[in-house]
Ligand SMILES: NC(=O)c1ccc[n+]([C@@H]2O[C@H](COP(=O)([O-])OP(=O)(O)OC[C@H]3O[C@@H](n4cnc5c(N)ncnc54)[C@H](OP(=O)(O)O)[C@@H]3O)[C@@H](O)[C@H]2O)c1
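Quick setup: one chain, the form predicted on its own, written in structure tokens, and binding and motion questions come after.
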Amino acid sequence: MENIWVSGSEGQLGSEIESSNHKCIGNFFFTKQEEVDITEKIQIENYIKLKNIDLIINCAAYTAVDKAEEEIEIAYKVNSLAIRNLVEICKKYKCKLIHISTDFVYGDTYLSPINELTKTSPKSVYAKSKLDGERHIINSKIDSVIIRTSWLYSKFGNNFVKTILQLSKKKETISVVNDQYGTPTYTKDLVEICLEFIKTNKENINGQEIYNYSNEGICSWYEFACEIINLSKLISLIVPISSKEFCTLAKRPAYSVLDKDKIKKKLSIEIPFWKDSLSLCIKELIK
């Protein structure tokens, strides 16, 4: 069985992988930032040699989108420099890499679902640093899969679903933007995709590929929030507002619905509808 290292195991995706049924797929090793700092190349190399790693799932990322506008150096250190380090060590020890990226790399000038061939045009520091990290992988020619995903949520970590649930306990009304469109992604569904790639490693992580993945469907953040309240049977009122009314440091895409045809054909999968997956997550959170 392969030795698989999940970096950034304290985040939503890493935590979800650790709680999944992964043991029959390979020997998994999970590390937090304080255990192995991937911005330090020597720590990566030492860990790969110690555990004889065959494949890395990189879940580590700087994801504070607005804060990144002020902490530019830190954002690039985690989202770009760390990826360069991983790539260089992967190349040296012939490790394969699954790397999680973001829909934000595409920009916001689109009116129909975005496929992997769409030109990238990131608008924020976060998005630019994530694209920079992708380029280190692409230029290295290591065997790798980059998965661009959107609007992640789970029972772990900080995310939009948990924020809405927390706000509903304190406020009678919650204002949410209604002019930014995309698709929520249940982290548990994304984990299944990562594990599917590992099950068929030789066929599916051979060369370099970029895939889009989110749940199916489309909604605004406002519609997403309304569904969270509806499924949770809470009484807070969700009020729609425009992006101009909700000022943020970083620019968000107005439209970032992802075309998933490529990954569906590659893995022969059906992707759950976003409301169905949200319902499962809400049940877990309530439980």
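Predicted model, so just to flag it, every value in this text is computed and none were measured. Position 1 is the first residue in the sequence shown; the rest follow in order.
The same protein has a further form, the form predicted in complex with the ligand, not shown here; the description that follows concerns it.
Novice: Which single stretch, out of 174-182, 125-133, 191-199, 105-113, brings residue heavy atoms within 4.5 Å of the ligand in the predicted complex?
Specialist: Heavy-atom contact with the partner occurs in 125-133.
Novice: With heavy atoms only and a cut-off of 4.5 Å, decide whether E223 touches the ligand in the predicted complex.
Specialist: No - in the predicted complex, heavy atoms of E223 and the ligand never come within 4.5 Å of each other.
Novice: Report yes if any heavy atom of I142 sits within 4.5 Å of a heavy atom of the ligand in the predicted complex; otherwise report no.
Specialist: Contact check for I142: no, nothing within 4.5 Å of the ligand in the predicted complex.
Novice: Give a yes or no for I100: in the predicted complex, does one of its heavy atoms lie within 4.5 Å of a heavy atom belonging to the ligand?
Specialist: The answer is yes: I100 has a heavy atom within 4.5 Å of the ligand.
Novice: Even though the partner isn't displayed, in the predicted complex is Y211 close enough to the ligand, meaning a heavy atom within 4.5 Å?
Specialist: Flag for Y211 set to no.
Novice: Only one of Q33, N46, N230, S243 has a non-hydrogen atom within 4.5 angstroms of the ligand in the predicted complex; which is it?
Specialist: Here the answer is residue option Q33.
Novice: Name the residue from N85, N204, T149, T118 that puts a heavy atom within 4.5 Å of the ligand in the predicted complex.
Specialist: For this set of options, the contacting one is T149.
Novice: Let me know which residues along 1-19 have a heavy atom within 4.5 Å of the ligand in the predicted complex, or say none if there are none.
Specialist: Read in sequence order, the residues that approach the ligand (within 4.5 Å, in the predicted complex) are G8, E10, G11, Q12, L13.
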